[in-house]
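Quick setup: one chain, the form predicted alone, written in structure tokens, and binding and motion questions come after.
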Amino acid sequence: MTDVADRATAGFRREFGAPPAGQWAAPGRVNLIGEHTDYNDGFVLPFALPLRTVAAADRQEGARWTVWSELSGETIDFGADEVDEPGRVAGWGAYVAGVVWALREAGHDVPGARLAITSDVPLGAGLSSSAALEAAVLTALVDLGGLDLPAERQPRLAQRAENHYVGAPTGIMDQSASIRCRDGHALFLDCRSEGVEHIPFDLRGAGLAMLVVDSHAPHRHADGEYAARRKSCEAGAERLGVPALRDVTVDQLDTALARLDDPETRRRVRHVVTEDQRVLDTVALLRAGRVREIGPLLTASHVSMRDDFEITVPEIDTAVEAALAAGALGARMTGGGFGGCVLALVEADAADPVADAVTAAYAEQGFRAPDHLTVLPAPGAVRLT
């Protein structure tokens, strides 16, 4: 954290010739379980990563925002006229402008600001680098402007920025995790009510570790496949006469599936309904302190994503299979799909051997070598200085 925060401050001084007023950080996330349930009004269970995006920032006069990005090396500048017309600010800057736009649309007097952005959240890995950027910028602007926007209302506003300004049809999970997670806990989120419960997730105490494997298979939310899955779920709910697939329980599933004529829609519905139940079952085990028993639920989630929701790719399936063969208690893809990362629940002393097994399996398949790290649940968005 110190390194990425120091880089943000150094970048701010270099670009703007003065120290920032403060530093605000927001994490990437992994979703322990509950994939593609969020936009179906269902349940998710993410936790925040120790990898973060940092915004060093200060106010500036007028309704203008000047932003430097370490990753691109660019400095962009935009004013209220550009912000108020979605599409005028493109690329990575759209995430920043989208936050300003969403705040203004909600009636907030957003301060003009200068920002320097640095991050150690990998791009394109399914670890929600976009939500980390949005949350870091949002937290900075709320503080700088003294805005009346409590934490429980911030995720929906950040999601609006991504949905309506950037054009990515994401649910509420990523922004909720980045803003509201707590150290040592997973965030049990009801995506309909937006109610949260912080569930103890003591991996170290259970003698376990969570291995995150970056498959290096490109991961993109704002593409046709993600939108197609969402459309299919909405069509299934409409056909079943329910507000959202969250309203179909596992006990009702067979009857519901019999009412759907399209085989693809049946598969999509089956994934969402069973995935919601897997989230509830995982939460029950964690509440009881039975951490190591969640492994089979993680694996079942992956099978459902692979076979029913059809969002995995060969690199992802290879990583899951190799991790399980090497002794992982459970493994699954995390994120929106078509690439990204794999989670593997492993014994604490087995993280490196399992990672080595995945790397060897990649080599056999001729895939680009994966990266990996071992993580513990971290806190959400916060002001650092």
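Numbering starts at 1 and follows the sequence shown. Just so it is clear, the model here is predicted, and its values are computed rather than measured.
The following text describes the form predicted together with a small molecule, which does not appear among the structures shown.
Proximity of Gly336 to the small molecule in the model of the complex falls within the 4.5 Å heavy atom cutoff. Remark: Val212 does not count among the residues lining the small molecule in the model of the complex, judged by a heavy atom distance of 4.5 Å or less. At least one heavy atom of Tyr226 is located within 4.5 Å of the small molecule in the model of the complex. Residue contact with the small molecule in the model of the complex: Tyr39 places a heavy atom within 4.5 Å of it. With the partner removed from view, the residue among Thr170, Ser304, Thr139, Ser119 that has a non-hydrogen atom within 4.5 Å of the small molecule in the model of the complex turns out to be Thr170. Only one segment in the set 194 to 202, 173 to 181, 278 to 286, 75 to 83 has residues whose heavy atoms sit within 4.5 Å of the small molecule in the model of the complex; it is 173 to 181.
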